[in-house]
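Here's a solo chain for you in structure tokens, the form predicted on its own.
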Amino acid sequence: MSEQMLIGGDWIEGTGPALESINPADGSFNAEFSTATDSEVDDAVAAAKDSYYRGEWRALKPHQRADYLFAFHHTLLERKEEIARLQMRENGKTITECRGQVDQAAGIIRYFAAVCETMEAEVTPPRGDYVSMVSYDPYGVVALVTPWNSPITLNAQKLAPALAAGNSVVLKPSEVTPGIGLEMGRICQDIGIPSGVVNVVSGRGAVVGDRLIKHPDVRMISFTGGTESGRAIARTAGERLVPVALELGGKSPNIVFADADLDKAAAGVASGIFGSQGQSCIAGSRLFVEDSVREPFIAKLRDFAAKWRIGHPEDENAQMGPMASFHHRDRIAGYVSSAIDEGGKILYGGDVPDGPEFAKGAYYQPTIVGGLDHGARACQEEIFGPVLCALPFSDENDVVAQANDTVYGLACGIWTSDFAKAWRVCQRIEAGSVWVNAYKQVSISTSFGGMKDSGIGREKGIDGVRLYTEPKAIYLAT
């Protein structure tokens, strides 16, 4: 029997074509999921709208909603192993990383529970005989559309603040990893969040996602995923005049100056691109190394790549499992082939790993490509895999110009022992997050988002709740 969807507090069999989940580690069958058609999407939105206007959730005091979110946090941790293994089977992340992401997701939910309980509105200076203030009201029905690369954390990162703000939601998880979204819906049901406040619909973005974002009763859209999909959603949101939050792709630079601690930098660069199989929006996929240290630095990086442990995701010592799907593995390989066609040279990797243990899975080696012009396709387009394009630079102005020469602006790493230089480059780089002598450090308390084609809006932090609210001015005559 297919896995059902959560609509209006009931588990419903969808009438769309069944969706098979395949384990990318060995090609084995995981589960079959029922999917929604327009009818079920409409039912989910109607259930969310009905729950919103009943007021059982939005009318709760903030500390009461916080109690539910704290219960969500505790229940997620209680089911840690079950949920970690579900994500491992669906997208191939190592079990170690999946467990860590459950902890991270629980922390996200706990943080937004605290924000929910303590966030203040404003009383503004009056300019007449009145008391003036700003309150922050929920939108109503919010559509949450999440990707396949880190569904445990990314579902939590949308669900928790949207619920903290008092909205009712329809969550549409990726068709690659539908199980995590359904489990989070089940937890919300188990802890007693009123029926219809959280609805989860499965299916392909072109069908289910499209119907959801076009629905006239959806008052706000939050999407994490690819830039082209985000652009299409933005067009729809613009036509409908509804607010949208978009966290999209990246082609993030990692800049290594000659005065950096090269050993520390090599470790950070390797982790920034090979960690999570490179399937991260903030992956440091473009490496810029100052000319005078390029050869020794690449040698250090090759050593890290050679020691990066590829293995079955159940292996506690594995640093890299398979890519999330066979289709995606082939897409990555296609980008590497295009890099070679454009004059690139494989400095390490560039193929599937050898060995019978990898034959049935969607594995790919950590890969370093040199010799490319910065305008090459592999240097400009998001590969979303463990492929690093290594490029030289001569001075500060040169590297800033190259680093900013992309449609993306999500993240950047800077490696140098010169604080003044780091500060100057930080100010000139067009990116939503910049790390100095580190990479991929993240905090739920610090805003996150991108510039240019990397997105619109900011998640995380206190403003991560306000993202899901509308300011309302109130005047009380005195």
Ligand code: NAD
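Residue numbers here begin at 1 and follow the sequence given. In this text the structure is predicted, and so the values were computed from the model without any measurement.
In what follows, reference is made to the form predicted in complex with ligand NAD, a form of this protein that is not presented.
Proximity of 94, 386 and 439 to ligand NAD in the model of the complex is absent: no residue of the three has a non-hydrogen atom within 4.5 angstroms. Partner contacts here mean any heavy atom within 4.5 Å of ligand NAD in the model of the complex, and among 255-263, 179-187, 139-147, 110-118 they occur only in 139-147.
Although the partner is absent from this view, residue 226 contacts ligand NAD in the model of the complex, with a non-hydrogen atom inside 4.5 angstroms. A residue is said to contact a partner when one of its heavy atoms sits within 4.5 Å of a partner heavy atom; residue 172 meets this definition for ligand NAD in the model of the complex. Ligand NAD is not shown here, but in the model of the complex it comes within 4.5 Å of a heavy atom of residue 232. Taking non-hydrogen atoms only, residue 435 never approaches ligand NAD to within 4.5 angstroms in the model of the complex. Checked against ligand NAD in the model of the complex, the candidates 33, 57, 448, 68 yield a single residue with a heavy atom inside 4.5 Å, and that residue is 448. Checked against ligand NAD in the model of the complex, the residues 74, 360, 204, 85 give one hit for a heavy atom within 4.5 Å, which is 204. Of all the residues from 250-276, the single one having a non-hydrogen atom no more than 4.5 Å from ligand NAD in the model of the complex is 250.
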